[in-house]
Each structure stands twice: as C-alpha cells, then as structure tokens.
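In the form predicted alone, a lone chain appears below as structure tokens.
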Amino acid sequence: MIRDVVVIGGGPAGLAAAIEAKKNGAEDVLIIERDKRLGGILQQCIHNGFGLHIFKEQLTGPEYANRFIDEVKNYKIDYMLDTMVIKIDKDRNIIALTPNDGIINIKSKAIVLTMGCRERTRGALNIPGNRPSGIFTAGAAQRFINMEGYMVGKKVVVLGSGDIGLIMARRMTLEGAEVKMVLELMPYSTGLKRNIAQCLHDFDIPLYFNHTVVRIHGRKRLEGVTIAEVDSERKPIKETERFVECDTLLLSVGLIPENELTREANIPIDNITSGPIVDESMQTMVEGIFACGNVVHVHDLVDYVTFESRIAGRSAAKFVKGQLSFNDKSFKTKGTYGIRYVVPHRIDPLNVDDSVNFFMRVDNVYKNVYLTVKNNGQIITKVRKAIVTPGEMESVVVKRSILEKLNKGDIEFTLEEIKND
C-alpha cells in the first residue's frame, strides 16, 4: 500500500493535519487511529471552553472534534480505526496491526506524527504504601465517569494542579463527591488561571501549594493519604504531616508526549519537551516526517494544537509535491533566562509563508517583564507581560520579513525585567 500522506493519530492534531494536507493538494491521505473512533482525548472532555480561537464559540470537546470529523468525511479522507502502528522508519515505511487484516505494510511519501501524550502515573512518583483500588490518573477517572458511566469515588484528594486535575475536581463535585483538596508540589499552579477560578474557587475547593502526598493507606480500597508540606528543595517536612481520609486519589502530575515510534525511527528528541525537534514547517530532523500537537510539546488549548497541525499538514502536502525548500540558512532557537524551551527549534525563512508563531514556557512565575527575541544581541521584537507562569504557554509572532534579514547566530528568547516604570 502506497500513500501520499499518512497521519498517525486521529485526535485533534491528526484530524487538522489530514484536512490541511488534503486541502493543499495531497491526493491520498490516510489517518491511522488506535481507538475505535476518531476524536482522541476530546471524546471524554464534555466540559466547554474549546474553540474560542478557531470558531469564536464555546464548544465541548466532542463538539469541537465533530467539526473536524465531519470535514474529514466531506473530503473523503480515508481512516483506519482500531489500528496500531507498531513501527516506522526513516524511509517512511509503516508497519501497523489491525484486528481484521493482521500486520499491514504502508509506504508513505510523507508522515505526520500526532500520537499525543499520556499522563504520569503513581509509578512515576514512588509514593510509599500499598496498591489499593481508588487511585487513578485524572484522565482515566474522566473517561470512567464521562464515557463509561462509572463513579470512581466519594471522598477525593487531587494531587497536582494540572488542567485535567482541576477540571476533574469540579466534575467530581458536580457528580456528588466531596473533593477535600487539591495539592500542588510547586509554589504555583501548573494549570490555567481560568481553570483555578472556575473549577476550584467557584466550588470552594482548597488548593495547597508546596504540598504533596507522602503515604498511601488502605489494602483493598484506599482509606486515606498522609500529606505534608515541602521545603524549598521539595522535600516533605516531617512535622507538617497529617492524615486525610479519602477513598479516591486523582493524579494530575504531568503529561508525557508519546514518542516511542519517534525514538525507534531515530528522530532527534528535545530533552526538555520530550518531543521531536521540529522546524518552521513542523518537520522533524528526518526529511518527510512531520510532527504536531502534544506529541511535540504539551499545549494548554486545543485551538493552538489545531493552528500548529495545520502547518504540519500543509507542509506535508508541499513536501509530497516537491515544494518545500531546503538550504543551509537555518537558524536554531533557544530559551535563556526564564524560558525553558522554544518550539519550533529551527527556522528556515524561505519556508515561512508570512510569519512564525513561536511557542514557549517559562520556568517560574515572573511579573512585569518583557518577553524579548534577539539575534546576535540585537532585539528583534519584545512583548510586555504583566505576569507569566509555567502553567500558561506563551507565544511570540515574528514576521518572515524580519527573519529574512538575519545573517547568523541563534534566535534567542529571554525574559527581561521592566525597570523604572
């Protein structure tokens, strides 16, 4: 089987990339999805807040996904469900496994990786104690309640203030559970400010910064957790330990891009984002293999995933048609003081249509700063920010006309304190 563009993953990134590839001239586009339906994680996100940037509307996750699923069908884009890709290589050969056909081999002219991310589990935290039932990742609990129709518990503690944990604190409350608290190891939240307000403050759910769970209690079913405050090195303070009775612990302690296929294909990975290194076209460092969405870096909003995925899909179509240029004038991007990472990692101005939207995250909470972009010490652009936090992704747009004037060196992103103002 030979295809123009194969998109691995049928979530929001994969749907948007496939549609954009088709719109831009890729004749034979195929989506491969391991679930039994398209839509990815949006299927279980029944809360609203999706689509504000793309559609200027408040949509639920399934509503947002269905807009794209309908478009996939209108464009007659092929998709395979319940199909697991088990291997890709640098020559864009794909091996997949299906219940009906067994192992299939696909040769693709271009591949777009959109496998998304997964949650960290208790095993990644090494919390002492037994292994009773009642401990879930926030996303697993969300699926049980919103899609399978099971209530996972009545007395709940949430560890981690990521967006899924915050949303599930509200969801459990609405379903009648008592959410006793949300604990956050860091001195700041890793979720959006709007979710803290709408999911915790509106329901009087306390949020404790600098706190963690230090022990699990219970043998068959969770009976409670011991929590403690942590010091500046994030080590629990023994004197602050206290027992909290609960039958459910939800973990919202970080997301990891699913890049097993990427690594197996020897595609270079960014050690900070855990996603592939990509250029302005969302092309990885392997020619003809693109990546977008949460498999590259974890996004706050699905709208941003869609924006990024449209670039990847459009670029994959250009690659198939031989319209994506390659030359040596490729600039690296890097984050310095206060900026943990920047995506995309490399820029070839000749492949930029009008501008590049650079996405990044900061490493702490900063107030009254400029987010400054430099090249060889010269300021390209700067944006004033009243506050930046690790929980909210930042972005800066730089026009192609500016990028074309750069001669050498990295494109540096940094935070600078606003003085005498």
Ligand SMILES: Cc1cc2nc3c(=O)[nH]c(=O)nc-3n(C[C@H](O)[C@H](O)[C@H](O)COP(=O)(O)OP(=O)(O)OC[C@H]3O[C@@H](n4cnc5c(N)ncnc54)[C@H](O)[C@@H]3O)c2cc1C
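Treat the numbers as computed from the prediction; the structure is a model and nothing was measured. One-based numbering along the sequence shown.
Another form exists, predicted together with the named molecule; not displayed. Remarks below refer to it.
Contact check for H47: a non-hydrogen atom falls within 4.5 Å of the named molecule in the predicted complex. The closest non-hydrogen atom of G116 lies within 4.5 Å of the named molecule in the predicted complex. When the named molecule is considered in the predicted complex, R194 lines it closely, a heavy atom lying within 4.5 Å. The closest non-hydrogen atom of T83 lies within 4.5 Å of the named molecule in the predicted complex. Comment: the named molecule is not present in this chain, but in the predicted complex one of C246, V182, A141, I167 has a heavy atom within 4.5 Å of it, namely I167.
The single contact residue among D348, D303, D270, E229, judged by any heavy atom lying within 4.5 Å of the named molecule in the predicted complex, is D303. With the partner omitted here, the stretch from 27-35, 384-392, 365-373, 66-74 that lies within 4.5 Å of the named molecule by heavy atoms in the predicted complex is 27-35. Contacts between stretch 252-273 and the named molecule, counted in the predicted complex as any heavy atom lying within 4.5 Å, involve L261 alone.
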